[in-house]
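Same protein, same chain, two forms; see structure 1 and structure 2 below, as structure tokens.
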Structure 1
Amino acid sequence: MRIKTISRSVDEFTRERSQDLQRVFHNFDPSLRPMEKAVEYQRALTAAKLEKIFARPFVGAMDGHRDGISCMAKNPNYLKGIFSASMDGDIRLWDIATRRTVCQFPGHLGAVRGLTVSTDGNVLVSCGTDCNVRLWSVPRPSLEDSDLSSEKSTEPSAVYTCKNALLAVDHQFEGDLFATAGAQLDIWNHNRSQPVQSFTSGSHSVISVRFNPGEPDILATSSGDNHISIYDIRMSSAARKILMRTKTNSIAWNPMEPMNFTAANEDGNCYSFDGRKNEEAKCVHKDHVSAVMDIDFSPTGREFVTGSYDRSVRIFPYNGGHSREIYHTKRMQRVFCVKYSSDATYVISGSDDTNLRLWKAKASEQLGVILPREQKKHEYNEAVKNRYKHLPEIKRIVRHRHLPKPIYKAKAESRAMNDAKRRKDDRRKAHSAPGTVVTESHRTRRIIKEVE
């Protein structure tokens, strides 16, 4: 007679320490677990709901300016520091961790419109409507400085004067050049009081300028005559010019894909372009109901954040047509500037209500130290949610957002208008000879042409 027994080798089941987890063996035969799909669906649903429950994106506000925030700059070399400037000429350095002003940079007489920091984090460049470019040396962060009461103020290390008011400034990545935008585009060196190079184009002024982080010599500008231009500062003129129907307020290059950039447009959309093919946008990111004022890419290159005149901040995937997230608070007014933090974890917005606001980039992310098992659990939740995100119930929960009433109404209105327009176009198409009525795609609709 034979008796079957469970045999377990002692070596495999002996724990080295009493704290070790007991080893558990599973039989992974799918026929033994017929309900796995239903189980995972349920987990996905739970994960989606938990995400909603834990979605608390607002971390804190930084209060101190006396006028609306006009621009911000993040220190590429120091995670905790962020610079902001307001319409009354006040420039401040904030410590994000404590959300306090560390240092002030007084001097500008009019509104400060542009702010940027060199890659090594030592030089702050500001410019404004008072036709001045000011260079400041950034105070070194030190442990002794964490004394909360001390708010230092510093003198500019250099002041350069121009003929016209300046609207934007950006620093080259890992170089010592910076570009200012005003009546013309000027390229400056830190040590010279005159621009080393100037580009003029048309009668309209340049609104924004942004250097390419991957290709340090290439920069993109947008101007008041609805142009977007790409320059190579080694050449004497623009390399590309795109003419759009509406003005572009800001441009951001994708830091991981140097040929791609996204333009924040006055019509409430963002347009992602491939720098080599400009006759159509790669992707149109729609969701804002008013002009998009500023845009900044996540350092991972997979997302970007936009701030809009409709008093909301949105986060878009770099290749998605609609936003993943919308942030708004009751007191937040028109958002003029947004920044993604250098570790891609936070988003900072500066708005008309004189406040900087710190948000989590992922609304339901758990902050602080996360244990490995916790981390695994989060990852699993995310994966399972991602897997079943197309199912109606989960989709509904994941997509659901409370919107401020004005945005909600404006959205409904624009949707109605678009529907009507589309209906009309369809009818027109149906009742005319085939091929005579051509509907232009969204990607080319707002682009007039690429200037030869």
Structure 2
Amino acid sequence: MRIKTISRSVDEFTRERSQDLQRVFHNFDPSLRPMEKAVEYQRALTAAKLEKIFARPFVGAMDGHRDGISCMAKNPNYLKGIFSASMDGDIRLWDIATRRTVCQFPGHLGAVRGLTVSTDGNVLVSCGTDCNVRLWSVPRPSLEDSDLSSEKSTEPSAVYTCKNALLAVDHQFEGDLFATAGAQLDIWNHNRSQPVQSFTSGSHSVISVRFNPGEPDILATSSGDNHISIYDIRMSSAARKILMRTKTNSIAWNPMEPMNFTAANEDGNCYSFDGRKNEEAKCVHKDHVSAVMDIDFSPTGREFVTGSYDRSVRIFPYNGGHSREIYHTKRMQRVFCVKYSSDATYVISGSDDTNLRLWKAKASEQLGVILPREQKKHEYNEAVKNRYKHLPEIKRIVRHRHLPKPIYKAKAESRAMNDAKRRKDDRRKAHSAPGTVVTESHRTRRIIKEVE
């Protein structure tokens, strides 16, 4: 008589300490688990519901300004610092960790319209409607000490005067040059009181300017005559221009793909372009119901955040047509500026109600120290959600967002108008000779022409 027994070593199953986890052996033979997909689907559904339950994106507000926030700037060398400026000329340096003012920069007599920080983080450049460009030394000792009980103020290290009001400023990623936008585009050096180079863009003012993160001599601007221009400061004129149907309020380059940039437009959409091929947009990002005022890319280059006149903040994937997240509060008014934090964990928005607001980039993300088991659990939940995201029930839960009533009504009205226009175009095409009515794609519809 032959008897089969299961023998296991006691050492393999005995815990050394009471805090150790019990070792479990798995047999991954699919025939032993006929309900594996059903179990995974249920886990994905539970993970999608839990994500909604724990979605608490708002972290806190930073108040201290007495007028609407007009612009912001990040310090490339300091994670916790954020600069903000308001329409009454007040400039402040904030500590994001404590949400308090570290330093003030008084001096501007009008609205501050542009802020930027040099690559080494030592020089802050500001400009405004008082026709002045001011250079400030960033106070390093106060940055390292976050327990300051009193606000400090500092004096500008240099003041340069222009002939016209200035609307934007941006600093070169490598070098000592910075550009100001106003009646014309001026290129400045830190040590010179006059522009080293100037570009004129016709009779309309330049609204925004952004240097390319990969090529230090390339910059993009938008102007009031609906043009988006790409300049090479080694040349005497614009290298390329795009004429849009509506005005572009802000531009942001993708930090991971420096040949691509995204334009925030007055028609409520954002348009992503390849700088080498501008006759059509790579992607049209639609969801806002009013003008998009500002845009900023995540350091990872996979997402960007937008702030709009419709009093909402949205986060878009860089290649997606619709936003994955919308942030809004009852008190938040028109959003004029937005920034991603340097570690891509937070989003900062500045609005017309004098407040800066701090949001989580991922609404349900757990902050603080996460244990390895928790991290693996989060990654597993994300993986099963991604695997079953196309199924109707999970798709509905993941996509659902509560919208403010004005935005909800405006979206319904816009949808009805677009449907009516589409029906009209279809009927015109059906009752016309073949080939006489050409339907334009949405990527080219808002672009009039490209000028080399």
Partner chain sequence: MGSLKRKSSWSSKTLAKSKKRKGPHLPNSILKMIATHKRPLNSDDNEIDSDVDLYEYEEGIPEEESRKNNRYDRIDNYEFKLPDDFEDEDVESEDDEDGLNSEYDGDDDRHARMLQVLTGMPSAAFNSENKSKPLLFTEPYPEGEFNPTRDVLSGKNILTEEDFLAPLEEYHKTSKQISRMRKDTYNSLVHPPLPKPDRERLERKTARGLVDEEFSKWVHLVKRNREAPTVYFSQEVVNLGKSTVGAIASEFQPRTEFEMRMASVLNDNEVSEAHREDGARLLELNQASSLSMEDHIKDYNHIAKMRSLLFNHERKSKQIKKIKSKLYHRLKNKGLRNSALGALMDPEMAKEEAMKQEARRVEERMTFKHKNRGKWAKRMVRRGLNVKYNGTGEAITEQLQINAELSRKINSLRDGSSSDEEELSDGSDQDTPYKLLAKAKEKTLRALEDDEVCNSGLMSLPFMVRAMKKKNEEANEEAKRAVEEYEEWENSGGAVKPKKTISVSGRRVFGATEAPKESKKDSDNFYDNNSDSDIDDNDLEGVRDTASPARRNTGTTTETEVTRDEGGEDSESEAEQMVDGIFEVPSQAELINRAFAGDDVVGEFEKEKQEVLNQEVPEPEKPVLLPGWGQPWPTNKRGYHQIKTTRKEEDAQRKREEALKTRKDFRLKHVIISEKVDKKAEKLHTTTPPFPFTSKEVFEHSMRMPIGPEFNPSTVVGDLNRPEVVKKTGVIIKPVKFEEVNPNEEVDDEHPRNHQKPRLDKKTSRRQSKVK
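As the structure is a prediction and not an experimental result, all values here were calculated from the model. Rigid core (definition): largest C-alpha set, two forms, superposition within 1.5 Å. FYI, numbering is relative to structure 1, first residue = 1.
For this session: Return 1 or 2 according to which structure is the form predicted in complex with the partner chain.
Result: Answer to the question: structure 1 is the form predicted in complex with the partner chain, whereas structure 2 comes from elsewhere.
Exercise. Do you see a C-alpha shift of 2 Å or more at residue 440 between structures 1 and 2, with the core held fixed?
Worked result: No, because once the rigid core is superposed, the C-alpha of residue 440 moves less than 2 Å between structures 1 and 2.
Exercise. Relative to the superposed core, what is the Cα shift for residue 19 between structures 1 and 2, in Å?
Worked result: Reported C-alpha shift between structures 1 and 2: 4.0 Å at residue 19.
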